[in-house]
Ligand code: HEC
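Below you'll find only one chain, the form predicted alone, shown as structure tokens.
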Amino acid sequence: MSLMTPASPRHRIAQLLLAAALFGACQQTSGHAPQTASVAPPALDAAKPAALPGLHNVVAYAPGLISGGVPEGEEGLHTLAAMGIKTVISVDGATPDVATAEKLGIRYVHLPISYDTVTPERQQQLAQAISSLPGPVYMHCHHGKHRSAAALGSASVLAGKLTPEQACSRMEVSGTSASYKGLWKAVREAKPMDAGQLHADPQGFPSISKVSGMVATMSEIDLVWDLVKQAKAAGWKAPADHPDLVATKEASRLARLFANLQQDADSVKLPADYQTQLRHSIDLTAQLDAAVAGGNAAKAAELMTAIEKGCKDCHKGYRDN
């Protein structure tokens, strides 16, 4: 009797099911995300920013060079992968999600800048990064309007991709505020580098830069403020697209972050007028925390308006120039 007997129909079905299960398991453990449909990048002459799944304020500056907001979770990184992005450069202070990006075959580089300017040293690093790292490149800050626009604009000028006038034109599309005079000045005064200086060792760019002190606190405040606004828009409940957002938790977190600035080494060095504004903001965020905890939506909305105005006034004097 032969050992190679034909398999019964039932046995054959079982084999097929096992093979399918093993294939699925391999797909889940391979470290690669499932393939998604390709996503077209925004047009170079688009007059308005694009909104894509998990990405906001997306603007093309030059071929293969795109600015926008921080990728929102895995969805945003999947969209970048579907767009063909090979390198993401963050100029924000928050720590980027390097691990998820790497699973998608995307290189993350972290080169934070402030709101007051893009220093010549950082401009050179950014120009070298867009010239030496695989493209297309997506550069982001938190909102994708101000810092990433100036960073990519100035880097594109140094790399010979745009003139200062062209870069400023794309910054207008991104929505860069006229209040950030230092960012505009950095781009207007940028000059092309020598071609030989543009190339740098790709391994020399950091995936995560250590950010501490006031810069780190302000980056976290920026993030938490967006969460509080989302909670307000949802009636101080968890938004449908963010079911784990707890309004009371984020309001308390915001108040705590402002209070922490009183002990920050950089913050305490600033002038008396700043200290007065800071104490006022600390009082307002503490009141907001109490209003949200007490379910007083009208008072919370009133306080948010006052907090936002206070932040803008403080930024105008101490950050934007």
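Residue positions are given as counts along the sequence shown, with the first one as 1. Model, not experiment: these values are computed from the prediction.
Unshown form predicted together with the named molecule; subsequent notes refer to it.
Using a 4.5 Å heavy atom cutoff, M214, I307 and C311 all lie near the named molecule in the model of the complex. Among heavy atoms of L278, some come within 4.5 Å of the named molecule in the model of the complex. Remark: S219 counts among the residues lining the named molecule in the model of the complex, judged by a heavy atom distance of 4.5 Å or less.
When contacts are judged by a 4.5 Å heavy atom cut-off, W236 does not count as touching the named molecule in the model of the complex.
Contact check for R147: a heavy atom falls within 4.5 Å of the named molecule in the model of the complex. Note that among 112-120, 196-204, 67-75, 152-160, the stretch whose heavy atoms approach the named molecule to within 4.5 Å in the model of the complex is 112-120. For the stretch 240-267, the set of residues having any non-hydrogen atom within 4.5 angstroms of the named molecule in the model of the complex comprises only F258.
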